[in-house]
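Next comes just one chain, in structure tokens: the form predicted alone.
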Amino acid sequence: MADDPQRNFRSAYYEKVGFRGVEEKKSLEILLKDNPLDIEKLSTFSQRFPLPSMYRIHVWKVLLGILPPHSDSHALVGGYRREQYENILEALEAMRFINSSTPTTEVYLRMFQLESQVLPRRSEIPPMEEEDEDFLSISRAMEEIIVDPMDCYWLIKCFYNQFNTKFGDSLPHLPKSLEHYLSQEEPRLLNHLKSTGALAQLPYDPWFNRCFAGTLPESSLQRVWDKVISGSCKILVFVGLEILLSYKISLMGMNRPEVVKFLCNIPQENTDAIVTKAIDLWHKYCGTPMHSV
């Protein structure tokens, strides 16, 4: 979005009187009228601004490829998605893999495994692997956000696939990245975490592999996922960083087991502020996309 003094004045005024985001909402509505939709502009918008809740799921579907850029095809493609969902569900029921009492998130996992051609034999179902637990955690969080089971499954599946395909090679490097930015922001806390041995045992898997599903409440999590779905896994580093910074006084007085236990069950009442500050840190260190929206 190009700098516009008049627009900036209006945005500042709207924010001052309590209508933050009015201009951004209008900009998104203009973008959503394009046919075909401009994926790059939608991604840039999602990187720069929080998505309005009334448009979030639609934008996620487009960015994840569940719906095509051509808006006039959305109804047709949506029908195909529902038909495919129902066919997979019926297949699993016919194979007696699921029934009416199967937890919904497990149903989604078995559907995903069937589509990925890794469904185990029913007589030889192994214990859940780490990747399965990651999928289930994301499923549980998505289920709290999405009402329609069909939409929920497609969003889980495409989010999980896109995330691991796009960022799988980057994930092992995120802990080191977190250490680097913590050294910039709060070296005393970093030294404490190192000296107690807690740094190596931070909950990196739920933070990074599960994109904070199960760590943050869904109301805060959605704003983080906006950034991940639109193309950044680096935001996860800054959410983890801001959690450490927000509780630095408490953490400085803890030993290794206490640090790990606390960070695996952080208080839920302050998470909106944590995510807001994390996004500010992310923009501070990584810049802000400047493509026109």
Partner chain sequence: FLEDVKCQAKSELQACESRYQAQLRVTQTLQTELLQLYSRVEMESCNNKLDNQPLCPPQ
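The structure displayed is predicted, hence computed values, not measured ones. Numbering follows the first chain given and starts at 1.
Beyond the structure shown, there is the form predicted together with its partner chain, which is absent from this document and is the topic of what follows.
Figure note: of the listed segments 180-188, 216-224, 193-201, 92-100, the one touching its partner chain in the predicted complex, with heavy atoms no more than 4.5 Å away, is 92-100. In the predicted complex, at least one heavy atom of H70 sits within 4.5 Å of its partner chain.
Taking non-hydrogen atoms only, I125 never approaches its partner chain to within 4.5 angstroms in the predicted complex. Mapping the unseen interface onto this chain, V147 falls outside it, with no heavy atom inside 4.5 Å of its partner chain in the predicted complex.
H173 falls outside the set of residues with a heavy atom inside 4.5 Å of its partner chain in the predicted complex. For the marked spot (L76, L114 and W154), a heavy atom within 4.5 Å of its partner chain in the predicted complex is present in each of the three residues. Residue-level contacts in the predicted complex: of P36, G253, P257, P267, one residue has a heavy atom within 4.5 Å of its partner chain, and it is P36.
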